[in-house]
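The chain below stands alone, shown as structure tokens; this is the form predicted alone.
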């Protein structure tokens, strides 16, 4: 019996000393891995953009319902179909969306919508907790807000309310007169963006800080 125990013990020691586990390979994500990229947020980036450009009076708002489409909600946009959405926002004539005389969406916003669709066209809701107001300039903070929420109604070809927000000079002029600040903080009737949700507290704060600093570019 003693010899048997010694034999078993020796066998186990020999087994573990010769048994080597292959190390698991370390998998590193490449720069093209979409999981590393910031996802597009529907409620803060896509919905305001489409509402400002397409869901206005005379087009695809709840009253006009052009071609039976209402594009001021996730369900309404999905009901149109993402292929048709891309088709019409990329047209340069005919049944382009937004229609003439409005300016077509710029390539940055078109690519943003395409990226959202490529990510699955999800009804993603973002509630950012960090509001960085350390360096509020027109180029890095204000222009993206205006382009997403306001430019669809207030551009060179479609001066809604006789207001053009197509460039820095016009946005600055509207801000310094107090008109921009009044409308983004107004009641429901005169609120801008019209037909869409009110700007977030963070965006309102950025515009106010920008105005207080005399609208740096």
Ligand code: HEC
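Numbering follows the first chain given and starts at 1. Being a predicted model, the structure only gives us computed values, none of them experimental.
Beyond what is shown, the protein has a form predicted together with this ligand; the following relates to that form.
- Of the residues 62, 173, 163, 39, just one reaches this ligand in the predicted complex with a heavy atom at 4.5 Å or closer; this is 163.
- Partner contact region in the predicted complex: 142-150, out of 90-98, 108-116, 72-80, 142-150, criterion any non-hydrogen atom within 4.5 Å of this ligand.
- The shortest heavy atom separation between residue 46 and this ligand in the predicted complex exceeds 4.5 Å.
- For the chain shown alone, residue 56 is a contact residue for this ligand in the predicted complex, at least one non-hydrogen atom being within 4.5 angstroms.
- Although the partner is absent from this view, residue 194 contacts this ligand in the predicted complex, with a non-hydrogen atom inside 4.5 angstroms.
- A residue is said to contact a partner when one of its heavy atoms sits within 4.5 Å of a partner heavy atom; residue 183 meets this definition for this ligand in the predicted complex.
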